[in-house]
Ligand SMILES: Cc1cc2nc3c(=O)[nH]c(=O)nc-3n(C[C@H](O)[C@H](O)[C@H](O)COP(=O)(O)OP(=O)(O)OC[C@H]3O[C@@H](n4cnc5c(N)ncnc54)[C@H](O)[C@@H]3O)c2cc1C
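Okay, here we've got a single chain as structure tokens, the form predicted on its own, with questions on binding and movement later.
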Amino acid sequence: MTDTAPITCDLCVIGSGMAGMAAALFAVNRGLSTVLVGRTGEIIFATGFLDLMGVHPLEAGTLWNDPWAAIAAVVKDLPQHPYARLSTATIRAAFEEVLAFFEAQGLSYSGFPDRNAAVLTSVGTVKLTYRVPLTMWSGVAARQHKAACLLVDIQGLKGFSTHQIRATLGGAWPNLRTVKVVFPGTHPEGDVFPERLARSLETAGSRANWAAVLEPHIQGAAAIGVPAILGISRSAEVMRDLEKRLGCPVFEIPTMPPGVTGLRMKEAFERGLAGRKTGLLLENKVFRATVHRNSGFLLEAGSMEPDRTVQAAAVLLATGRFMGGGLQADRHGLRESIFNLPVHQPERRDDWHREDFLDRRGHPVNRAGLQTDEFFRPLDAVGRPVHPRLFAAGSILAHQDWIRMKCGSGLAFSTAYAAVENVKAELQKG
């Protein structure tokens, strides 16, 4: 290990996904010196939608227009779900703080006050979500009113097909036209990539050239749907400029992940947190952790091997499940990867999955994770907090199936918010 002085902080957040980034934001906003350690995780696969709660019960596939009523039903039916440890006020406060942060970073969101919005996906299905990127909001209204729309495809762009979208929608939205165009400056026979197109559209010249390509195809369309490529850091500006040039609303439709939508969120978090002087050890991982009940934690971190140490009074685990590396599977079962914490899981590996892959109830392994007390402190094998200043948040928590329940962002933000509040209270005890 490189012989350098430890980085000291009040809180080390481990994990740079949605929960980890939000936790770091909440911590610095509360005056806690914070270090975030993590490699790019699930956030890069984000659609940009911010889900609160959309489906419950899973076996019935019941969709909810009112996410708050859905949460109330979940808390009643699933008392071990993480939402059951949170008040409505906490969940609202978490969302408001993150949305204000995003707005300050130029990433604007829209939505209805207290209900989900129906938005188009990359395959033409409709998803209910709580908050929608501003660049996609005109599509919500266009679909609601079945407006005459032009859907634009780009030659060489993989994972996006306006023909697929129109075919999936069937007769539910008859006033759709599609067109495939060559993006200015690209080769008709070559592959193009969303990030490169988005970076290009941040220049006025590129927007002018693309608008010139699109203009002949408008032909009375009330709105134009395009792949999610309207810039990275200035997406609202790009959208408004195109609308001015084309004379009608423009809205994005997500591409297949990974895409621009997740990159926007990642860069917004990183840009904003760096401005708040957070210690960002990005593209790093924690290799070893030493726990001292009185003095806190000593974490050995690095990229390929440990080359720095972080001395933290408290730790918040936001490492996710399998993709984020928070949980690992071996022949003996599931284990937590840093502190070797007990993992709530089916007793036998044979019970991880149901026989039918598409079973509407979901697979038991998708509810595996860390069990915590009411303060979001992981529990040991006999149900006691492992350490008074070790906390967890996000998808590593047990008793939830965030993907199928459509509650990922709400779970990440609200549990991170509550955990950080509890970190601050614990540190104030001295």
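Worth saying up front: this structure is predicted, and the values here are computed from it rather than measured. Numbers follow the displayed sequence, beginning with 1.
Omitted from view is the form predicted in complex with the ligand, to which the following refers.
Original post:
Could you tell me if residue 325 has a non-hydrogen atom within 4.5 Å of the ligand in the model of the complex?
Top reply: Close contact exists here: in the model of the complex, residue 325 approaches the ligand to within 4.5 Å, heavy atoms only.
Original post:
Is there any non-hydrogen atom of residue 38 lying within 4.5 Å of the ligand in the model of the complex?
Top reply: Within the cut-off, so yes.
Original post:
Taking 4.5 angstroms as the cut-off for heavy atoms, does residue 316 touch the ligand in the model of the complex?
Top reply: No, residue 316 sits far enough from the ligand in the model of the complex that none of its heavy atoms falls within 4.5 Å.
Original post:
Are any of the heavy atoms in residue 345 no more than 4.5 Å from a heavy atom of the ligand in the model of the complex?
Top reply: So residue 345 does not count as contacting the ligand.
Original post:
Based on heavy atom distances of at most 4.5 Å to the ligand in the model of the complex, which listed stretch, 24 to 32, 66 to 74, 370 to 378, 50 to 58, is the contact stretch?
Top reply: Single hit among the candidates: 50 to 58.
Original post:
Are all three residues 17, 286 and 409 in contact with the ligand in the model of the complex, where contact means a non-hydrogen atom within 4.5 Å?
Top reply: Affirmative, all three are within 4.5 Å.
**OP:** Scan 82, 320, 133, 231 and let me know which has any heavy atom within 4.5 Å of the ligand in the model of the complex.
**Re:** It is 320.
**OP:** Just give me the single entry in 118, 248, 334, 338 that has a non-hydrogen atom within 4.5 angstroms of the ligand in the model of the complex.
**Re:** It is 338 that has a heavy atom within 4.5 Å of the partner.
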